[in-house]
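Single chain ahead, by itself, as structure tokens, in the form predicted alone.
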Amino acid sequence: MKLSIEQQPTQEGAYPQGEGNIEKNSDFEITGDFQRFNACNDIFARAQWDPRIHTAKAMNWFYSMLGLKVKYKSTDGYTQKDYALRNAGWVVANLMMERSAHLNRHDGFLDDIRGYMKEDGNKVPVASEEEISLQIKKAGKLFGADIVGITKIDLRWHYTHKFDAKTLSEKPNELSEELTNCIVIGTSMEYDVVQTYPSALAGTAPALGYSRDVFILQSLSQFIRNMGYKAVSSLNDSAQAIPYAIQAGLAEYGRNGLAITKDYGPRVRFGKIFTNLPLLHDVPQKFGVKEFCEICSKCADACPAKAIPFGMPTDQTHNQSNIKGIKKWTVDGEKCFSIWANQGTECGICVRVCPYNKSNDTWKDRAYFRFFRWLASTRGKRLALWLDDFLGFGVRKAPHLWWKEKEIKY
């Protein structure tokens, strides 16, 4: 049966706490009325089946990701050249998504990514979980990941159901009980491109991030299978990335609803690999994000949709596109996506203006970021916020200036 407003997607009831270690040393507070999330309620899924979200502009946004029905403008950042670069960044991710269309699958976005080859019949012996974990991280970074963390599988973050875009209905989300660990990889987005948000040009940053993640996930998961163990790659599908990133010690949660990493701030795309390879788990790390976000509202102030909350974290939800039972800052996805649909590309302003969004291209950049991060974690956090404004961080770069830069950093 197709989904409708009258027939809401299936939602499981309360789920037992303590499956993973996210409660330890993190500010991700889970309440007693927690419910697992149904991927059919994701705002991008609702844009396809829910008439309240499903509009011509919303669908044109989807088409534009595939290079179809793109409406170019003369406005700086939205020209044919800007969209051409953005859509070029999507190529690898789109190829992966389309490879299984004949099987009614959307690899990486609605379904896990089919592996290239099955696991080897012989398993490489694991004498030390610590040693193999370090080797997995080394391999992940060799393939292009900027950060890699490991945690145990926590079913709270797995969707109750997947969304079937062909039939506009829900379908099972199954995970083998053999899989016990989750490897989380993070890929940074290019700082200078992110600074041009909002623009089609800036959309190249996440597009390229997704394409890079696909390559890394497929390569790293095949490495694991070649060693004789099971490995299932997941991009935006199957489970939520942010809780896993926090649980794996890669990030803290920010007011803008994003995972804030230590070295790249909010400009990171995450992917996951579920495996039965014995591994040593990382633990959540704190470096002061929640305390800083409590006195900073730059993302909420700058959000054109007013989708980002002010005040302190609560367990309040805005609509069915929010997960229930977590005390945190919750973004209104309906308001946020309306901006994306109206302008024909991602917004991203909340990433650009975040004080943790700093360049780390040079040693001076990295030194200042370390200084800012330290100051933001002390009683001097208001000084850090003032300094961020005084030095002009977060100001939009005109897209045409990015094109005119002669220095090639990449």
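In this text, residue numbers run from 1 along the sequence as written. Note that the structure is a prediction, hence the values are computed from the model and not measured.
The same protein has a further form, the form predicted together with a further copy of the same chain, not shown here; the description that follows concerns it.
Between 325-333, 95-103, 153-161, 265-273, the stretch whose residues reach within 4.5 angstroms of a further copy of the same chain in the predicted complex through a non-hydrogen atom is 95-103. For the chain shown alone, L68 is a contact residue for a further copy of the same chain in the predicted complex, at least one non-hydrogen atom being within 4.5 angstroms. When contacts are judged by a 4.5 Å heavy atom cut-off, W402 counts as touching a further copy of the same chain in the predicted complex. Interface membership of K138, defined by any non-hydrogen atom within 4.5 Å of a further copy of the same chain in the predicted complex, is confirmed. Heavy atoms of L280 never reach within 4.5 Å of a further copy of the same chain in the predicted complex, leaving it off the interface. Residues G149, T180 and Y368 are none of them found to lie within 4.5 Å of a further copy of the same chain in the predicted complex, as judged by heavy atom distances. Among the residues L168, I242, A84, I339, the one placing a heavy atom within 4.5 Å of a further copy of the same chain in the predicted complex is A84. Between a further copy of the same chain and the residues A305, C296, M227, V232, the one pair within 4.5 Å by heavy atoms in the predicted complex involves M227. In sequence order, E190, V193, T204, L208, S211, R212, F215 are the residues of 184-216 having a heavy atom within 4.5 Å of a further copy of the same chain in the predicted complex; the partner itself is omitted from this view.
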